Structure formats: structure tokens, C-alpha cells
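Consider the single chain below, provided in C-alpha cells and representing the form predicted on its own.
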């Protein structure tokens, strides 16, 4: 079955739940539509396990399978026809179907919408960190620091220009211009994060070994301490009042742009040079690769996207404080990278989605959640040391093309 068939199945399931989910939940004995595939209800009320399982089967599993299998032949023909057009057309069709499916799924509750937006931001963070820890082969601990720089920079721009509050005085520009300036604020956050990365990269890449890990960890603590002592941004009390411009369309668009940009980068000559430096720096240098320049470009590129993700994070929650960008945040992003798989765009997406959703689904278990997730990570590290999906390229052509049967029939 081609990807188009799966997406049509997802859209059918999401629309079915949007319009008939409440009635079906009541019919199978559930008090409301399950927030996250019924797992939270199963953990809170074990007696409702059969009901939640039946709901998930009827709303998700059966519609996706029925639409996907019944429409496989038509989906193959449409996918083959789309591939004859410029690659932007099949990409737009697939992304459009994915967005509409996610929109209907998230429209059921505000909690779902928040979880979905935070998961998309986690994909951006995981993918950007994978550029350093996976493709470059270094170990960086500074991503929460880059994220904090992006979050505070974009917040200062949007609050200072468009919010009439006591923090920065009266608004300088009309709010109607805000959605157009918001992307510039995010880019400014990314640029500041890249400038911060330069301070880490210059001393780190003059040496070899574990120095990057030590210097990047020091950078994280310095950034956190600076923000805590800047009364300009309310110090440890945190900064609030960010305009509500980070809706699902904005977060989805930036995530797609991040995945597309990073995927192109790691498949380019620069990305291949990054892999060569990781595998053997001396050999890469002997083959005329400027190893220091290659590592610095990769590091700054990664920090830029972490800063953009931080800006989106601040405007999704509409509040940030220095405590958000600490060791716990670093541990979560590292877990997503190593769980999903090193050196892989697929792996980063799988890691970010798995850990984010698993953390929310297991929330009813409270403290036991922090026993189960680390145990899963340990098992993955034992049986698949490089992660679930490591060293796998994301090729748009193979993703969108029809699926052929062994006999050659589509």
C-alpha cells in the first residue's frame, strides 16, 4: 500500500472520530473521547480496558485498514500519476493530507492540540541535535541553551513590538502586523542561537576528544544563569504574554521546513563531509575536507533550528522561565535522539514522537513513568545500540512512489 493510501485511511479515521467519536465513546461505555488512543483511560480505570480497546479498534484500526486496503489500487494509480509531475506537487498533496488528518485529530480537544504542537517542536529539536550527535559524531549538551536563546529572543521581539504591557511599555506596531513579523522573530531567535553556538564551537573544535561535551554543558549553565539574573526579561519569574500566533498551521509549517532543510543538508556534499569527519577525521582531512569548517557549519546550523524551535515553544505555551531549559530538558532530547536512531531523519521523527506521546500516555502512572521510560531506553541500547532506525536516509521519491507487488503489478 502506498503512503497515499495510509494517509487517506488516517484522514478517514480522524474525520470519523471528529464527527462520530462522542457518540461511539458513549455507545461503548466510555465517559468521553479518549485523549491519546485510550491508553490514559486504560491506566486510570483498568475496568474500562475492553471499552477503550474496542473504541480504538473501531475508530482507528478498522477505518485505516479498510480505506487503505480497499483504495490501494486507486491510491497506487494516483501516486504514479503524481510522480510524473514536479516533485513539489506530490509533496504538497501528501503534506496536505497529513495536515488535514492532524487538524481533525487535534480539533477534538485543546489538550490534544497542545500535545501535537509540542511533539512537532520535539521533532525539530531531536533532528537538529542529531546533526551534531549523529551525523557529526560529537556529543553536545547545549541544545536547551540554544532553545532558551531562541525562546527569549523571539519573545522579546513579539512582546516588545506588539504587546501593550508593563514589561516594555506601549506596543510599537499594530497587532495586525504581528503574524507577518512572527517568522522574522523566530529567525532572529535562530540567529541568536547560532551566534551563541559560535562561542562554543570556536574553542571546542580547536581540540579533539570530549571537550565539546564539557564546554557545551558549561554554556548551558551560563545561559541559564544569565537569564535568571536579567531583570530585563523578569529573571527566574519567567516571561509571559507572548501573542497567540503559534497555531497548528504555523508549527506544522516550520516543522516541515526544518525536516526538509536538514534532510537536504545531510544528503548534500556538506552532509557527506560531516559523515567523513565523524568516521575518520584524519582521513577526511587528508582527502582535502576542511574538517574544522565542516564541523562549525554543522554546529551552527543545528543551533539555528534549536533556536527556532525554542521560539515556537515560547509562543505555544505563551510563558517561559529559565527552569524550563535545564538538565531535564537536555535528558529528554537526548533520549529522543538515541531512542529513535543516530544518523537518521526517520529515527529522529520516530524518537521524538515515541517519547513525547509515551510520556503523555504514561502520565497517570506518575512516578512509575520515570521507571518505565528509562527501562525502555536501556532495552533499546542493549539490543539496538544505535537506536530503532539508525543510518537511514529520507528519500522523498521512494516515499511517494506506488508500491508494486512481487509480480510487478501496482
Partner chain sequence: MKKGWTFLVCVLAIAFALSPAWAKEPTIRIGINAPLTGDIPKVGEGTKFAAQLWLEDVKAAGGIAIGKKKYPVELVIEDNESKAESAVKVTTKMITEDDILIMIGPQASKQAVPAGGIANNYKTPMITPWSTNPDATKDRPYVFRACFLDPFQGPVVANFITKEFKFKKAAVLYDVASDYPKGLAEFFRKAWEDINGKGSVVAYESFTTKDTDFSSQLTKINNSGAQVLFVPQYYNEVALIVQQAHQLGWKKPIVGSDSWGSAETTKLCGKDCNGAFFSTHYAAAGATGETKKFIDRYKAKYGYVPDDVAALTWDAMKLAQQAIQATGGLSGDLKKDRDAVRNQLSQVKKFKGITGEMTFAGKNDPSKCAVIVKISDAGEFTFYKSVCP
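None of the values given here were measured: they were computed from a predicted structure. Positions refer to the first chain, counted from 1.
Beyond the structure shown, there is the form predicted in complex with the partner chain, which is absent from this document and is the topic of what follows.
Trainee: How about residue 253: is it within 4.5 Å of the partner chain in the model of the complex, going by heavy atoms?
Mentor: It does not: once the partner chain is placed as it appears in the model of the complex, residue 253 has no heavy atom within 4.5 Å of it.
Trainee: Just to confirm, residue 236 within 4.5 Å of the partner chain in the model of the complex by heavy atoms?
Mentor: Yes.
Trainee: Evaluate residue 293 for contact with the partner chain in the model of the complex, applying a 4.5 angstroms cut-off between non-hydrogen atoms, and reply yes or no.
Mentor: Heavy-atom contact with the partner chain at 4.5 Å: absent for residue 293.
Trainee: With the partner left out of view, is residue 332 within 4.5 angstroms of the partner chain in the model of the complex by any non-hydrogen atom?
Mentor: Heavy-atom contact with the partner chain at 4.5 Å: present for residue 332.
Trainee: Pick from 319, 211, 81, 99: which residue has any heavy atom within 4.5 angstroms of the partner chain in the model of the complex?
Mentor: Of 319, 211, 81, 99, the residue with a heavy atom within 4.5 Å of the partner chain in the model of the complex is 319.
Trainee: I need the one stretch from 85-93, 260-268, 323-331, 152-160 whose residues put non-hydrogen atoms within 4.5 angstroms of the partner chain in the model of the complex.
Mentor: In short, 323-331.
Trainee: What residues of 345-368, in sequence order, lie within 4.5 Å of the partner chain in the model of the complex by heavy atom?
Mentor: 360, 363, 366, 367 sit within 4.5 Å of the partner.
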